[in-house]
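The chain below stands alone and is given as structure tokens, in the form predicted on its own.
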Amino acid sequence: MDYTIALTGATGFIGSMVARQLVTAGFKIQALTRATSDRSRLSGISVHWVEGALEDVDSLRRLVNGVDAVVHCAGAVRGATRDHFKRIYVDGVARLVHAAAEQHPLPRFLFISSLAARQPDVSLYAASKRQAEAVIVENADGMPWVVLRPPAVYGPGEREMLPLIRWMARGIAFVFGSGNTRFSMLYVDDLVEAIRKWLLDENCPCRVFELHDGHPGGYSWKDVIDTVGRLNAKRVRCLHVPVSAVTGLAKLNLFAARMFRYEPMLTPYKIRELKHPDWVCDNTALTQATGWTPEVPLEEGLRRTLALS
């Protein structure tokens, strides 16, 4: 297949799975990377590396030169300030879109956003994702584009949800507040397949799509806990963590992050995301546009994530 993709975030969890599976499917990948990045996730596959960064316009032009499509996966969920997330998402997306829009012929452009962008008021991360989406819409200049808003994406090697899932497998589940929040989930292979479907369908409309694993109404934490317990044939003990306690810890962590200059995961903004009652998706529009349907239900996805036979 003579189809070349410019990829950002290739050394991360989602980006590395995109690169590995698309190369296996016959696509050619040229990926943006910093000189200091750990490329071990992609050892053993053929990737053309372009050294640079989202702050470096020249490297972005080299990245997108002559490609058929751009898949933008790069990002960060950790951060303490509005400017931090703006630099990563809004400014980074703007430079990449402008570089791609300079190409002739125009490539297609796919941005991995987040379901959090549906509620931009809940956190700095959510607001920056929503602003980045707007940058694409306003600056595509005739370039075909699509935005995917996945919910919590999980799988082997994921670093945010995996610790919680492993604690459940050990028999202990930490439940935030009442645990009444409902949320969708998506196994990483299904996200990659949605990207592949879009790459092969040049008639897909320019729009924002939500996607999830197809389970109607999403999940509660009890659903996830019960599934892990069933897989391990082990009773899982639930420990309810008061919102007030976690909020206090988040405020201390934010103060320390600003003092010692590190990017925190647990912040008051993240607590607001966790408290939001509805992170449930709807696949209908994406399925109608591309024919994509998810194939990995929660139990099978958790089995693969925990490497259970």
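The first residue of the sequence shown is number 1, and the count goes up from there. Owing to the predicted nature of the structure, the values given are computational and were not obtained by experimental measurement.
Keep in mind the form predicted in complex with a small molecule is missing from the figure; the text below concerns it.
For the chain shown alone, Leu63 is not a contact residue for the small molecule in the predicted complex, no non-hydrogen atom being within 4.5 angstroms. The closest non-hydrogen atom of Gly301 lies beyond 4.5 Å of the small molecule in the predicted complex.
By the criterion of a heavy atom within 4.5 Å, Gly9 is counted among the residues contacting the small molecule in the predicted complex. Among heavy atoms of Ser114, some come within 4.5 Å of the small molecule in the predicted complex. The putative spot formed by His48, Leu110 and Trp145 is not touched by the small molecule in the predicted complex; no residue has a non-hydrogen atom within 4.5 angstroms of it. Checked against the small molecule in the predicted complex, the residues Ile271, Val67, Leu54, Leu42 give one hit for a heavy atom within 4.5 Å, which is Leu54. Think of it this way: in the predicted complex, the small molecule has a heavy atom of just one of Val192, Cys73, Leu199, Ala126 within 4.5 Å, and the residue is Cys73. Considering the small molecule in the predicted complex, the lone stretch of 150 to 158, 202 to 210, 227 to 235, 175 to 183 in range is 150 to 158 [heavy atom distance within 4.5 Å].
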